[in-house]
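One chain follows as structure tokens, the form predicted alone.
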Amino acid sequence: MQFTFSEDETLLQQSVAGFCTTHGSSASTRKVMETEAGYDSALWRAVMGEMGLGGIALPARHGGAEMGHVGLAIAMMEMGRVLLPSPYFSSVGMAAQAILLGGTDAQRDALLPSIATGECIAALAWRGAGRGHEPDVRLDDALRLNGVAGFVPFGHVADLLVVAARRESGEIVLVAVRANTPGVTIERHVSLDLTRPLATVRFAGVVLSQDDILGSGEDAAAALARTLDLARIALAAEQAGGAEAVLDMTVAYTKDRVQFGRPIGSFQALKHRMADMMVEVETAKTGAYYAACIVDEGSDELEEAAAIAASYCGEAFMGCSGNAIQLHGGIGFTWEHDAHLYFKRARADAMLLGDAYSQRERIAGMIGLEKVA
């Protein structure tokens, strides 16, 4: 595949990069991550309204720009470079996709336009609060929702929750629940990555109507699986952007830091480490964009491409951010330096949608390799 940006994609990349450079300073990020909300509402309105990034991968009918998942990957990569603290990934990259894939036309028309403009912040609650990644919320025959969903990014500020639950029969069901519905309680947790807070959502006898059900059975299970793969691709693009940012940060530092009368970047051992980081970055970007292209082309290789991008980009970000801390020497370990913020984002992201090992296990299953005990 020969990949180059179209003219529109080039303009998008330039404008998002400029916006993130202007508004994504270290000082502003650190200020925002100390707040209860964990994001800047004025910046959120600018991202969704002024920049129009909320509908980037949505159809025009729902207020979208129809730039596809390559457009979404471009936006996520630029946001990842500055660790932009925002519910963008949760709302646009996850919940909106679940509604688009799992809902009816009437439900899409009702829910997606307000998500695209940023008026409604949405979050996907798809897994339990334990170590597994399976839904742990139950929907009974009386349409009452009970259970706990854990590790929901920006769940504490969500207006709308798209919940993956199970019926008594075990089949998957997707439902849309307003966060202020009686019986819904949301608790924000202190988590490793302060730039992307996580929440636990509890449902205690939450009464739903038939209109709240987006889909059930095999269709809902397929929509959820595809939503998570699309989210993995968007997250992979963000991880590639973060990896490139720490590489740039490290190269700049090693040019300025002088030891034994010359810049430490001239030492061969450090050159080799940064060369390895560059290979990881460029490969991660290729994997993320390839997977996004696969989505937009409607290829049946989506599941495989998503698993490849997720496994590689997650480890690349982890490796580059870890190397950045070491190559910065003593200052790299301090709170005042940003290296730890990137490392914490990398570590948290690596587990959010399944770690690299689980994604490689998926790939092995796709190509017919049996699991070795």
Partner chain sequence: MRTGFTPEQEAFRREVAEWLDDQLSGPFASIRNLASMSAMMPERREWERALGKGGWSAIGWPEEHGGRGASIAEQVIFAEEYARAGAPGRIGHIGVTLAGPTLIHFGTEEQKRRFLPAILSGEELWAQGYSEPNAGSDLANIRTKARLEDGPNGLEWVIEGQKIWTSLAQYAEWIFVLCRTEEGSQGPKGLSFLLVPLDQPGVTLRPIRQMTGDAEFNETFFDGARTAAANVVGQPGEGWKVAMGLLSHERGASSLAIQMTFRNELQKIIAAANANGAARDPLIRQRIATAHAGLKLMRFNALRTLSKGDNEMLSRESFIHKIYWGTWHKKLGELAMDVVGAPGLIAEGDAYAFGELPQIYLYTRSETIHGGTNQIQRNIIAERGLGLPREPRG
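Positions refer to the first chain, counted from 1. Just so you know, these numbers come straight off a predicted model, no measurement behind them.
One more form of this protein, predicted together with its partner chain, exists but is not displayed; see below.
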4.5 Å heavy atom contact, residue 312 and its partner chain in the predicted bound form:
yes
I'd like to know whether residue 254 contacts its partner chain in the predicted bound form, with contact meaning heavy atoms within 4.5 angstroms.
yes
Residue 268, heavy atom within 4.5 angstroms of its partner chain in the predicted bound form:
yes
Although the partner isn't part of this model, could you tell me whether residue 351 comes within 4.5 Å of its partner chain in the predicted bound form, counting any heavy atom of the residue?
yes
Among 25, 119 and 229, does every residue place a heavy atom within 4.5 Å of its partner chain in the predicted bound form?
no
Which of 178 to 186, 160 to 168, 273 to 281, 209 to 217 sits within 4.5 Å of its partner chain in the predicted bound form, heavy atom basis:
273 to 281
Which of the residues spanning 280 to 301 lie within 4.5 Å of its partner chain in the predicted bound form, based on heavy atoms?
282, 283, 285, 286, 287, 289, 290, 293, 294, 297, 301
